[in-house]
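Take a look at this one chain, the form predicted alone, written out in structure tokens.
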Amino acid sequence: MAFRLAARQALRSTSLIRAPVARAAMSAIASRAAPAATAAVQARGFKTLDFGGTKEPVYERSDWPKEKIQEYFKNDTLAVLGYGPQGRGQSLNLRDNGLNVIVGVRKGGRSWNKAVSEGWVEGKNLFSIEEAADKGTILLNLLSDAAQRDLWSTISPYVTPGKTLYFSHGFAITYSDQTGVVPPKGVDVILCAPKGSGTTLRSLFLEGKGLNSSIAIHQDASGKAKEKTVALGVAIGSGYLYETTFKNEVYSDLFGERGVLMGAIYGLFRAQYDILRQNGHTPSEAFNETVEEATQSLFPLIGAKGMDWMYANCSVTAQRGALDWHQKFYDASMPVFKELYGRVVDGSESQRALDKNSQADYRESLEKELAEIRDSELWKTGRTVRQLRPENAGKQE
């Protein structure tokens, strides 16, 4: 796609064009605003904003400076159960914010060893899951969805009145008929779901930035569940917090991951690449036109400026083609998205995830699936193309 010179100059004037492009794009998308707009918003705290005609409350971290967070949680022990991507990112951010954090994982396992390597000390702030759940006043259940089901009988005796049970996914509560996770009365049950991986949450926190997160209340025993949730959301490294429900969070999450965010985009990449290859285009040309230009130029631009701006600043040939063809893709994909959303709502997708992730050989079968992707011509070509980026000169993947 041929962009006008003005468009390229506009891109260069933003942080998105500076190396590394991917990292800058992730930061821009995470903040959901251009830098100047972000600076203006960060002084507002709680605000009701207009999202395309719908008013929604938004919570911002300026209301919760580090000292206020420390005072608010001074009598609490935050027990992070699990040290996967979310458990790791959230616990490290909470620790850096000066809170009393402990981690609970299976002793001697991969996660335990990772936690030890990152400064968690056995008997001081690193314990078994049972010990951490017993000691914690706020239990951050950040185990995998399957592990939350499998270990609920282990954790539930420690979910006692006066405590808080925290999730970063609505899965276990929404699909309680499949997971068996039914919290007792007398505890706050809350959710803060970062809109990105725990790794991204951590890296943006270290840069002084923050991911957007969704918050929800399932059970408010204390009468202060929302206040507590907002404070925790800021403490784990969120920049902005939006209200949702446990059900809506997991429905949108499962739907989005299988759809545009991961499943659909890979399916589209494959289809376009294969058509180009079948019609005599070289691997490099097919990859550049399918993946490289999308991820390195257009997607960051859409994240920073919007689809309308991107369309307005491309060549008239590209502009006309995109406007004329987008409806065909919309019409073709709508039946698939309707089927997908129905399967999320009726529990088919959650049950499949639980069943597959619980299989004894899941890691081995997963590696075979990933190897098939990794060893395909499409992504072998991608590795070569990525090495040609200026910021990757001389580096090996």
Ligand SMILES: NC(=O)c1ccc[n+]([C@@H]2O[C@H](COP(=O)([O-])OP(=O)(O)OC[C@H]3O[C@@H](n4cnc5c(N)ncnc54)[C@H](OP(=O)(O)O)[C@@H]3O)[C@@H](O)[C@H]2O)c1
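Quick note: we count residues from 1 along the sequence shown, nothing fancier. Keep in mind that this is a model prediction, so the values were computed, not measured.
Keep in mind that the form predicted in complex with the ligand is missing from the display, and what follows is about it.
> Would Gly233 count as a contact of the ligand in the predicted bound form, using a 4.5 angstroms cut-off between non-hydrogen atoms?
Replying inline: So Gly233 does not count as contacting the ligand.
>> How about Arg110 - does it come within 4.5 Å of the ligand in the predicted bound form, if we only consider non-hydrogen atoms?
In response: Yes, Arg110 sits close enough to the ligand in the predicted bound form that at least one of its heavy atoms falls within 4.5 Å.
>> Please determine whether Arg352 contacts the ligand in the predicted bound form, using a 4.5 Å cut-off between heavy atoms.
In response: No, Arg352 stays farther than 4.5 Å from the ligand in the predicted bound form.
> Gly84 near the ligand in the predicted bound form, any heavy atom under 4.5 Å?
Replying inline: Contact check for Gly84: yes, within 4.5 Å of the ligand in the predicted bound form.
>> Taking 4.5 angstroms as the heavy atom distance cut-off, pick the stretch from 286-294, 219-227, 308-316, 148-156 that is near the ligand in the predicted bound form.
In response: Of the options, only 148-156 has residues within 4.5 Å of the partner.
> Ok, Lys328, Lys47, Arg363, Lys55: which has a heavy atom sitting within 4.5 Å of the ligand in the predicted bound form?
Replying inline: Looking at Lys328, Lys47, Arg363, Lys55 one by one, just Arg363 meets the 4.5 Å heavy-atom criterion.
> So which of Ser252, Thr137, Ser197, Thr160 gets a non-hydrogen atom within 4.5 Å of the ligand in the predicted bound form?
Replying inline: That would be Ser197.
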